[in-house]
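First, one chain by itself: the form predicted alone, in structure tokens.
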Amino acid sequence: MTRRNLWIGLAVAVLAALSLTACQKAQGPQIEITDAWGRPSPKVATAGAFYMTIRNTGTEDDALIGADSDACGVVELHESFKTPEGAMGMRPVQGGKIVIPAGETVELKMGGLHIMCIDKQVDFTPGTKVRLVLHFEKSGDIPLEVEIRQPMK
């Protein structure tokens, strides 16, 4: 085998290995955030809420463990629940995190899981854009710009 044929063979082998690697499904969690929005509330209201769809297209579970925003004094992960008397209430999520299983989608929505903005620093008027940073257990921080808008009916 000539030296030239050896180099060509080596180049073909490297390209084949790279092609196989590129075709493999990504390992670990792969988080995608869509339809992030905040519900309007006047500045006199001390709290607001953020909603979104979180999809994990990866091969490993992840968890939303918190969030931060300059528009909020405190940010907590909350869930809505029905009290024994039949009224709706809100509380921090049990365990302090929202698990996003591999290959699944979790919706943060009115009447369910949501991100609570406590001690709002700004008016949540329609059209206002708020910076929100989501903290994930494995995927790290994901910054978002969330628009305040009326709920879709």
Partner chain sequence: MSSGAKRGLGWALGALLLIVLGWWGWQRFRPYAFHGTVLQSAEPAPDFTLMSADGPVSLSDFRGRIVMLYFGYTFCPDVCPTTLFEVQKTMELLGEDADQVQLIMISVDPLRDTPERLKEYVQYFHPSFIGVTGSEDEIAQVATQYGIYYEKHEGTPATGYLVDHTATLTVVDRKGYVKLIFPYGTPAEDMAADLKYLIEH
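Positions refer to the first chain, counted from 1. Take the two forms, superpose them, and find the largest set of C-alpha atoms that agree within 1.5 Å; that set is the rigid core. Here the structure is a predicted model, which means the values were calculated and not measured.
Unshown form predicted in complex with the partner chain; subsequent notes refer to it.
Not displayed here, the partner chain is approached by P40 to within 4.5 Å at the level of heavy atoms in the model of the complex. Not displayed here, the partner chain is approached by M88 to within 4.5 Å at the level of heavy atoms in the model of the complex. Although the partner is absent here, T46 lies within 4.5 Å of the partner chain in the model of the complex, judged by heavy atoms.
The shortest heavy atom separation between M116 and the partner chain in the model of the complex is within 4.5 Å.
Comparing 27-35, 55-63, 116-124, 97-105 against the partner chain in the model of the complex, the single stretch with non-hydrogen atoms within 4.5 angstroms of it is 116-124. Once the rigid core is overlaid between this form and the one not shown, P84 counts among the residues whose Cα shifts by 2 Å or more.
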